[in-house]
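Presented as structure tokens, the chain that follows is alone, the form predicted alone.
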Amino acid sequence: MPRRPEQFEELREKSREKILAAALELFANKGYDATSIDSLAKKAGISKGLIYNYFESKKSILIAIFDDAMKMGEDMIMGQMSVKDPLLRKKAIIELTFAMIKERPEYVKLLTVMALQPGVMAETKEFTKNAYKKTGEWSKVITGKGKKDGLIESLMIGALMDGITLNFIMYGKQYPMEELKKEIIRIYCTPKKSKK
């Protein structure tokens, strides 16, 4: 019985996910520069030719991994748009970020390790420039503040989360994630007392 278009699309998506999962693992553990398309195909359990049906190069696979991570972040932020109070919206985004780190530690670890490699940094200059621009666009949504103040606050929270992520990768479950989450929420999501 011939496959329906939805079945083909589902198979395509599963193949794409297998390629990206294999690439993320190999890029993080073996190194981006040391990973070949052949080793990637073997790890994903598919043919080398099939990889080229989805991606034109190893760099396009790398960019797709980062695009997916950015999309996940964007979905998380945009999913909180219905929360009108900016402090409650920011609190929800911080809580969701901590939950993602705790629920998907292996993904976060691989993504972080991979992102810090010199070869990856060289290949993703344009992506990084666009990601920074996107952070500026999201900052008003995240913080409820104007462009300049919102961007600075978003970058500060982002830098804190990057440091927390690195420490969580190193120290694992003994790292005090809950306490840090509460403190970040206290600092950034508590209404400021008005001066009399």
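In this text, residue numbers run from 1 along the sequence as written. Bear in mind that the values here come from a model prediction, so they are computed numbers and not experimental data.
Keep in mind the form predicted in complex with the DNA is missing from the figure; the text below concerns it.
A single residue from the set 160, 46, 69, 63 has any heavy atom within 4.5 angstroms of the DNA in the model of the complex; that residue is 46. In the model of the complex, the DNA lies within 4.5 Å of some heavy atom of residue 50. In the model of the complex, the DNA lies farther than 4.5 Å from every heavy atom of residue 167. At a distance threshold of 4.5 angstroms between non-hydrogen atoms, residue 37 is in contact with the DNA in the model of the complex.
For residue 29, no non-hydrogen atom is located within 4.5 Å of the DNA in the model of the complex, even though that partner is not displayed. In the model of the complex, the Cα atoms of residue 167 and residue 34 sit 3 Å or more nearer to each other than they do here. Relative to the displayed conformation, the Cα-Cα distance from residue 155 to residue 62 grows by 3 Å or more in the model of the complex.
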